[in-house]
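Just the one chain here, the form predicted alone, laid out as structure tokens.
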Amino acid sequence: MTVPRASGYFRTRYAEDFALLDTRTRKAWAALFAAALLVYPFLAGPLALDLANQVLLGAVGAVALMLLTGYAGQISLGHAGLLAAGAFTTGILFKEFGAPFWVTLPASALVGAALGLIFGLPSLRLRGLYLAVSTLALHFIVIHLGAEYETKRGFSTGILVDPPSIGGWQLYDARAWYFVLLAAAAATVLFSLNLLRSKTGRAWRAIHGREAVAGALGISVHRAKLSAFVVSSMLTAVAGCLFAYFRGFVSVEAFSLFLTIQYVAMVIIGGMGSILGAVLGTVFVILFPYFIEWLMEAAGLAEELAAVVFAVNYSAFGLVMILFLVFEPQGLVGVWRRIQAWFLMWPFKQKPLAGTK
């Protein structure tokens, strides 16, 4: 006998905790959302399609950072360096050896995993600001090596990378890229969700809560930290590989520190400790500059502020991050959960518990 439920919050069996979609309502909404994603590229214009591709590509890197920071609690400021490592691995293998996509992709993943292992070692003894600075060194090292390669090989404008060929099908069209990036983002999300339900994912949550308690419970804190760095770095390098093919070039200018700040903003604005938050944060950060420019045009200030549009974007971006940290620490996923709870409880009102929002 099954009991109909309005949501997945009331579970009666432990096995239900392992179901990604545990109610008919959620399954129906998931099917509808998947259908909308598949139809979207046939209805969207060129700009909307390009923005969707940027979001899907960014979501891979954002989910990777969420695993490390949002779940394992390890601070990293080397995210742009890892993206650059994957991109330069792809560019060098393609330029020097003519390596195809099915070689450059796993090679980028291996390079990312190796870097994650090497630069994850300081996390065994460092925490907080000291750990952040050690990961920041990764960024400078990778960017320096990439710049040296560009200089010595004479690639002043970057390394040009031809579109990949998958099964004899070469990716030129933005619509074709949409489906490839959608598959990559969906695979990353599903892989992460299943990993978080495994022993490894539970260990990450434990060390995030309290390392001493996790160690007392028999969890290898060192192994959990290193595995978090390796998995996150591997996924990030894969995102860098996709970036190289999607943009058609690799250059150190594309991987500035501001890119790292953008990814950190994705997990903060989206909501720490949530895969959904990483996706929502990616959508927000990618679309936010376009929204600011639209506001400037609507207010008739586009021409007056054309020379300082980047400064306006950066200022607004920083202000939004501060506002989220102060007024909405749970990020966009917290807003989504409150909206969801309101519809589930309507027409009844639920008074929040003391100390919660």
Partner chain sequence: MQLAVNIAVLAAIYALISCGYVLIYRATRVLSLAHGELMMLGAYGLYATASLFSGHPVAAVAAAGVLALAVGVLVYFALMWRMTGESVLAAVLATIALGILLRGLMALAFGTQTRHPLAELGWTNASIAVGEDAFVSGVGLVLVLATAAVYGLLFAFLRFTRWGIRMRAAGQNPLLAAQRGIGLHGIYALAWGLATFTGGLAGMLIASDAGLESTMVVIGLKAFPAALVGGLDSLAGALLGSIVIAAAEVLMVHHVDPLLSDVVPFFILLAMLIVRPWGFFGSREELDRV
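It should be emphasised that the depicted structure is a prediction, and the values quoted were computed from it without experimental measurement. Residue numbers count along the first chain shown, from 1.
Keep in mind the form predicted in complex with the partner chain is missing from the figure; the text below concerns it.
- The partner chain in the predicted bound form comes within 4.5 Å of a heavy atom belonging to residue 318.
- The partner chain is not shown here, but in the predicted bound form it comes within 4.5 Å of a heavy atom of residue 69.
- Although the partner is absent from this view, residue 114 stays clear of the partner chain in the predicted bound form, with no non-hydrogen atom inside 4.5 angstroms.
- Residue contact with the partner chain in the predicted bound form: residue 183 places no heavy atom within 4.5 Å of it.
- 322 is the sole member of 28, 322, 299, 35 with a non-hydrogen atom within 4.5 Å of the partner chain in the predicted bound form.
- When you look in the predicted bound form, the only residue of 234, 219, 93, 75 with a non-hydrogen atom within 4.5 Å of the partner chain is 75.
- Residues placing heavy atoms within 4.5 Å of the partner chain in the predicted bound form fall in a single listed stretch, namely 261-269, out of 261-269, 106-114, 78-86, 169-177.
- At a distance of at most 4.5 angstroms from the partner chain in the predicted bound form, all three residues 144, 152 and 314 contribute at least one non-hydrogen atom.
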